[in-house]
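Only one chain comes next, encoded as structure tokens, the form predicted on its own.
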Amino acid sequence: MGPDSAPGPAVPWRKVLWERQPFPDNYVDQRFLEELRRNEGIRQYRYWAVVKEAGFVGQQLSCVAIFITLWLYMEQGLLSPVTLLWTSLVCSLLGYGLHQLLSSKVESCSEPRTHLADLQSAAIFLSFTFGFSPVLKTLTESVSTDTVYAMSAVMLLAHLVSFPYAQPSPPGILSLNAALFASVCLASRLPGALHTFAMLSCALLVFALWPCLLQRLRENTPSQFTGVCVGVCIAGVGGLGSQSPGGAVLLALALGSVTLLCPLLLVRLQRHKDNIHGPWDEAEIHEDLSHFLH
């Protein structure tokens, strides 16, 4: 109800509840819309900054493509498990050294993990994985191959959806478990137990350790982080193209959409955002009330 419904100009309206006034409960005067504020505190995005952050999503999608490519090579007998194990070992050592170098700049004031603790964790995982490889190899023998492939696809999709892109170190529990579940399903379709062990070790490297190193690169060397993301995307498209050209085209389109098109839409749609604030908002208490709790 507007100001025309007021009983008369002689009685001014006051915005209080404790005083009886000759106005309806829903009455407001002309000052109501004067306090209207639009888009207060809206964050303005820059296109290339958003593209840079979207690169993490693109490289994670490419990591899944690289893992699938390695599995296809092993299934077809084009890649031996020994070669994959040695390659994974070398990459792990190089990545661990780089991670320690970057961590020393950040955790200088805190107590870091010791090398012995890291070695014990790696030895326990590798020992249990190697010991249970024959069991994991026969884990899905009673399940049809189509069902195994469908479960793997769903779990890898769940990994991508639930991955904590804002803070991927350490990886999210749901995301990591989904990726490892898909890895076990795929590894169980390989020829031997050594193939299964090599594939699971590679899965740990790709889905658990690599995001931690990439997060360190993003925090300490932003320029190198961008180059690494681009390199991973190129490797994912190239590797998948060696097995499935159609799949490589679909991956390239997905990467272009995620890293280029979606940031453009986000920046363009920002101009249409219209958030309004005014006297109808809930009251916010900015005073420190902690002394009342004692």
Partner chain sequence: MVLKIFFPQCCNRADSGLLVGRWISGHDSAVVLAVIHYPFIPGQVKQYVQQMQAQSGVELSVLGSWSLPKEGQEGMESFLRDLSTIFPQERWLQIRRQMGKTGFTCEVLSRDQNAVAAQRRVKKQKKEEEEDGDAEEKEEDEEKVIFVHYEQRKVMLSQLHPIDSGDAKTDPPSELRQVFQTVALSQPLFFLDKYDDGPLKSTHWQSEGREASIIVELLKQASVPLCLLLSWMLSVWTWICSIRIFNFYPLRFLSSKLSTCVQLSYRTEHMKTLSSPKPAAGHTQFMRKANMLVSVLVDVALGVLLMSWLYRDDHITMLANTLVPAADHVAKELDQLLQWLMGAPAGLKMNRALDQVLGRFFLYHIHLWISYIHLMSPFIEGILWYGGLSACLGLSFALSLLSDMVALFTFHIYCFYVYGARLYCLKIYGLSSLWRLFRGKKWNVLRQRVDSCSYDLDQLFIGTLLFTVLLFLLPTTALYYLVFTLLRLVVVLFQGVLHLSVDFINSFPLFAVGLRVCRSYRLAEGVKFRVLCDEPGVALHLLMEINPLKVSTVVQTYRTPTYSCYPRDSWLALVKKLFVGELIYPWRHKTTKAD
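Numbering follows the first chain given and starts at 1. Predicted model, so just to flag it, every value in this text is computed and none were measured.
Just so it is clear, the following notes concern the form predicted in complex with the partner chain, a form of the same protein that is not shown.
Among residues of the shown chain, Pro171 is one whose heavy atoms approach the partner chain to within 4.5 Å in the predicted complex. Put simply, Ser142 is close to the partner chain in the predicted complex: some heavy atom of it is within 4.5 Å. Taking the partner from elsewhere, Met74 is found to have every heavy atom lying beyond 4.5 Å of the partner chain in the predicted complex.
Taking the partner from elsewhere, Thr87 is found to have every heavy atom lying beyond 4.5 Å of the partner chain in the predicted complex. Residue-level contacts in the predicted complex: of Leu190, Leu194, Val206, Leu136, one residue has a heavy atom within 4.5 Å of the partner chain, and it is Leu136. Checked against the partner chain in the predicted complex, the candidates Leu79, Leu160, Leu217, Met151 yield a single residue with a heavy atom inside 4.5 Å, and that residue is Met151. For the candidate spot formed by Gln44, Val50 and Ser257, no residue has a non-hydrogen atom within 4.5 angstroms of the partner chain in the predicted complex.
Comparing 176 to 184, 160 to 168, 94 to 102, 217 to 225 against the partner chain in the predicted complex, the single stretch with non-hydrogen atoms within 4.5 angstroms of it is 176 to 184.
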